[in-house]
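Starting off, we have a lone chain in the form predicted alone, written out as structure tokens.
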Amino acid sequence: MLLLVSPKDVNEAIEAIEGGADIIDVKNPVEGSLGANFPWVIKEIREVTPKNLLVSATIGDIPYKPGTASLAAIGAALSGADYIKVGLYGTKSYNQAVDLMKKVVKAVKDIDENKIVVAAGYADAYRVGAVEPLIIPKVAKDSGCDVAMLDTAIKDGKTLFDHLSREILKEFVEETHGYGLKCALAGSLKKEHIPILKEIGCDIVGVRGAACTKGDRNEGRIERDLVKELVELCK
């Protein structure tokens, strides 16, 4: 299982790299769960990240605006991101989600077919009116994405497991794999959740708070020793 760690700046990215993270995921927590960072930050982090490590970038908790999402995705790709993550925040239905992700996939793959597109839903979608989380694997498959992901929309201390049970998450992973896609799971995860995700076959586990001082995604800073602990749990 790969560990994805989400720094907000170059110094945090270096800590994540030195700690042994597999994927460096650029985000801006001030702008939300999957808040987008600036192009120059993605570029700077790509420049300090070893070539054998992949860089991911979120393009935001996106409304149902396929054109806006497509342009943002191109910006992330051209800034150096290998993974482009789209938070399906404003899509209310399967049809809207597929429509938006198809446009993003076309935009990104036209630039570089090796770029990896991630359709990210929210385990607590019911709290923000977003598309139902359990249809994300089908959305990813039908739109041509590479990865189906779940996170949490509202960062109030509740974790992925407060909204979805182990059994349901296992089904999510299995359905995603059945489509030939990779599965990523995140959502205010703690150290104790990592072995469970490994057991159910998750491919990528995403963290920020768990790798930060005081476990605080907003006020804390990523530290390499905390990342190292999480890396060991993923092995």
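In case it trips you up, residue 1 is the first one in the sequence shown, and so on. From a predicted model like this one, the values you see are computed outputs, not experimental measurements.
Absent from the display: the form predicted in complex with a further copy of the same chain. The rest refers to it.
- Taken together, the three residues Ile42, Leu71 and Ala76 all lie with some non-hydrogen atom within 4.5 angstroms of a further copy of the same chain in the predicted bound form.
- Note that among 202 to 210, 185 to 193, 59 to 67, 44 to 52, the stretch whose heavy atoms approach a further copy of the same chain to within 4.5 Å in the predicted bound form is 59 to 67.
- a further copy of the same chain is not shown here, but in the predicted bound form it comes within 4.5 Å of a heavy atom of Ala107.
- Contact between Lys103 and a further copy of the same chain in the predicted bound form is found at the 4.5 Å heavy atom cutoff.
- Using a 4.5 Å cutoff between non-hydrogen atoms, Glu31 counts as a contact of a further copy of the same chain in the predicted bound form.
- a further copy of the same chain in the predicted bound form comes within 4.5 Å of no heavy atom belonging to Asp112.
- Proximity to a further copy of the same chain in the predicted bound form, defined as a heavy atom within 4.5 Å, holds among Ala153, Cys145, Val131, Ala120 only for Val131.
- Applying a 4.5 Å heavy atom cutoff to a further copy of the same chain in the predicted bound form picks out His163, Leu164, Ile168, Glu171 from 151 to 190, in order along the sequence.
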